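A single chain comes next, written as structure tokens; it is the form predicted on its own.
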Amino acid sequence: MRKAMKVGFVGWRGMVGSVLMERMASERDFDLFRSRFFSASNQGATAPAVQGGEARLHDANDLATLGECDAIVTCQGGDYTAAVHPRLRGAGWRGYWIDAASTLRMNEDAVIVLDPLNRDLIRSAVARGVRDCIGGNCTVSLMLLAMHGLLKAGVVEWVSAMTYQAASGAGAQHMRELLQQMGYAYESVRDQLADPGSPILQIDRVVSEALRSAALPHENFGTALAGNLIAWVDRDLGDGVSREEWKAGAEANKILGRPAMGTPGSLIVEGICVRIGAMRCHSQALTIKLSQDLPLSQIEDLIAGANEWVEVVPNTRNDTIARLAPAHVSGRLRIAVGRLRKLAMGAGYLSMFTVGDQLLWGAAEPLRRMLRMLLDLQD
């Protein structure tokens, strides 16, 4: 009988890690291997009680203990990956590194994992010795899953993606800060709101002043997100493009196994990434140029039939309001796709709006499924 894999977990307390733990528990993944949990600050404390798990937490920086694992799943972040991964590999470790951080994504010896789209590419990479299996950017993964049917049919020429990213995409502290900002804005006009006769323009002026105030909690966002938006996500690459916007084309083509964006055979993905005041779930408005002017009914069938997670929402006001929204999708694996219609700019131009929980399919779920793939490959 094959010996059970030993899997190490790092960063399992954080936001993505917590969602991953919930999903793995609900799918009974822990029954399939031996677990070892690591901590950067609380080694020796009691570990999570899972089937086949060790009783105590280990030091997340102990290379010897990490090196005893057949696979390591980390949601600890890019700084941890940059500090530990090269040292662990340098010490001769040949296990599987499954990571939510972006640090290793574009390395030649890493594969970006999104198995509903690139399962064969993942299998091929593992077969030729690739051991770094990295989750993709959340908006990119959600976009590709939403477009899966059109990509599989080979009818997409290019995509313009305008993203509306929730506070949770920036981390737990940003979610807390958004709520604090909402509370600060509300408190600034609490008394006026209690009086139905208060002039709305006066309320608006007071709220605007509150959102511009230096006293507004803004340590994480650097500005107001409540009652506002931030039309820039991630680092400035110096050419008018944010790193989040660059990731769309770069990662999409690597996931799909295509040449680098801008070279022959690649998929062009461009757009603008915006942070909005939603707590959870990223939304995207897509303009897609198709290589064929397909009937809308056929387009809907292609999208709906590509994978089991896409939910096509009829392009009506009531359906859109009820189902094509973060509040509806949050906490679910379903990816809502709606506002599908032909555009007046010419044949083959399509609009699409999609909403997906970036903590699930955008982060935790590809890692969970990658680990299951490795377990299947061991059999």
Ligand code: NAP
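Just so we're clear, the structure is a prediction, and the values are computed from it rather than from any experiment. For every residue, the number given is its place in the sequence shown, counted from 1.
The following text describes the form predicted together with the ligand, which does not appear among the structures shown.
Listed residues Arg176, Arg119, Arg205, Arg128 were compared with the ligand in the model of the complex; Arg176 is the one with a heavy atom within 4.5 Å. Of the candidates Gly78, Gly227, Gly183, Pro199, Gly78 is the one whose heavy atoms come within 4.5 Å of the ligand in the model of the complex; the others do not. Only one of 189-197, 97-105, 253-261, 84-92 places residue heavy atoms within 4.5 angstroms of the ligand in the model of the complex, namely 97-105. Within 4.5 Å of some heavy atom of the ligand in the model of the complex lies at least one heavy atom of Cys138. For Ser35, no non-hydrogen atom is located within 4.5 Å of the ligand in the model of the complex, even though that partner is not displayed. Looking at Gly362, you'd find a heavy atom of it within 4.5 angstroms of the ligand in the model of the complex. Of the heavy atoms in Gly271, none are within 4.5 Å of the ligand in the model of the complex.
Candidate site formed by Gly8, Pro366 and Met370: none of these residues places a non-hydrogen atom within 4.5 angstroms of the ligand in the model of the complex.
Residues of 166-199 that come within 4.5 Å of the ligand in the model of the complex, judged by any heavy atom, are Ser168, Gly169, Ala170, Gly171, Ala172, Gln173, Arg176 in sequence order.
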